[in-house]
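The form predicted alone is given below as one chain in structure tokens.
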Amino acid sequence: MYDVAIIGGGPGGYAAALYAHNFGLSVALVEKDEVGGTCLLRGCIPAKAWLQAAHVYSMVKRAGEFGVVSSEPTVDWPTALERKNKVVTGLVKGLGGLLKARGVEVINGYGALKDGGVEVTATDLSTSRLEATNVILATGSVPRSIPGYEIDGNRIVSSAHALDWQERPERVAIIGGGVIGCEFASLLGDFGSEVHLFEALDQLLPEMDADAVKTLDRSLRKKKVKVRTSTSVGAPEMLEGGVRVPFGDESVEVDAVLVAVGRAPVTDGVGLELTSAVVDRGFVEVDLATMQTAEPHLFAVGDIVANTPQLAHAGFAEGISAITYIATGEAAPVDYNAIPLVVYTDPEVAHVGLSETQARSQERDITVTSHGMRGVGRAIIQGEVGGIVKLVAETDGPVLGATVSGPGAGEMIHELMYTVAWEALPEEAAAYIHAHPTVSEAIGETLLSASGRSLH
């Protein structure tokens, strides 16, 4: 009898398994694949390895701007692919070692809820049963598709397939201008592929601040990415060696279509129908203070949880929350308002808290302040001046949200995460000094302006 059985070894599941050692809980972690989940194996980590390769390639191409003379770089795709795989393999191995060191029993197989326990089906179809006082469901998500664009892994692909392309595609259509679509458009554009990016809504990254997205839009167009917003695609026509993608009265011919229209929760076939847990369109409803479902001692974390962001770090936090409640009986809710979202394009775009649009929709009395990167010394030195810092604050009140676009946005957003989470007043945060010259000085300048006492 385990204290906790966890179904799914992705970020939510393995974070819960690791955190349980703080309370001396016995844990069994059931995973049908390698530990790490989509994020480590087919998502966050491999995608960022490709983005890093694209960034290095782009910087080498610009070397002459900095007085560094070099020959025109070429892309060694197999080497970049091999490095991506090495990064993933190393992290998977490290995670496995850490789970072992923490006393977590990792069981390979497909886990499902059954008769108050967990039934595990091995690859040879033999079954075994785990008994546990508590069960955490962390089964993750898979890429969605759209009618007519059924994923075949060859000409119609998901992000998981695209991460393992054996050679650089010459022509690609990307359907969906969200995080995944924009990241692939950015890296493929850097590498010189012909990229067509389609988004049905009126801007890329629809949930992000419009001013910040404009800096990304300009960058993508500079990379010769053909960005089409407010544009829906029609049914594809399969050609010999390619695909024709229609839109309006036009069409494009490409080698492959990457479908990047979001992710669907994996909850079919895991036995939820045998419990009292509430499932809505595949998502599991939980008490967000504890991550507990309507079924006693059954918890859900990660991408399958209803009305929470599908982010690896949200899954981490939810796993910690569930384990804390299991071990202590005390709620440790996740502060979803202070979870950062980072888009690792070039330039990066990052956000935390309420956007200007969200704040206005709530009829809040707000003050919006922004500062561009063009006057920031370190950004000028780096040759990366496209971008802004934007703060949304309650008038005469605390900072409600913030967006950063530009170099290092994914790192800088965490300073603003604390500002939002701690409900700091702009003048309180502005009292602290940023080192000069740094890109993060733009945050300090924006806070000063938001406090009514601008400097530059």
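In this text, residue numbers run from 1 along the sequence as written. Quick caveat, the model's predicted, so the values are computed rather than measured.
This next part talks about the form predicted together with nicotinamide-adenine-dinucleotide (NAD), which is not shown.
Considering nicotinamide-adenine-dinucleotide (NAD) in the model of the complex, the lone stretch of 122-130, 90-98, 195-203, 214-222 in range is 195-203 [heavy atom distance within 4.5 Å]. Checked against nicotinamide-adenine-dinucleotide (NAD) in the model of the complex, the residues 320, 175, 272, 350 give one hit for a heavy atom within 4.5 Å, which is 175. With the partner omitted here, the residue from 386, 262, 242, 169 that has a non-hydrogen atom within 4.5 angstroms of nicotinamide-adenine-dinucleotide (NAD) in the model of the complex is 262. When nicotinamide-adenine-dinucleotide (NAD) is considered in the model of the complex, residue 179 lines it closely, a heavy atom lying within 4.5 Å.
Within this chain, residue 48 lines the site of nicotinamide-adenine-dinucleotide (NAD) in the model of the complex, having a heavy atom no more than 4.5 Å away. Using a 4.5 Å cutoff between non-hydrogen atoms, residue 346 does not count as a contact of nicotinamide-adenine-dinucleotide (NAD) in the model of the complex. Interface residue remark: residue 290 is not counted as part of the site for nicotinamide-adenine-dinucleotide (NAD) in the model of the complex, having no heavy atom within 4.5 Å. Using a 4.5 Å cut-off on any heavy atom, the residues of 291-329 that reach nicotinamide-adenine-dinucleotide (NAD) in the model of the complex are, in sequence order, 310, 311.
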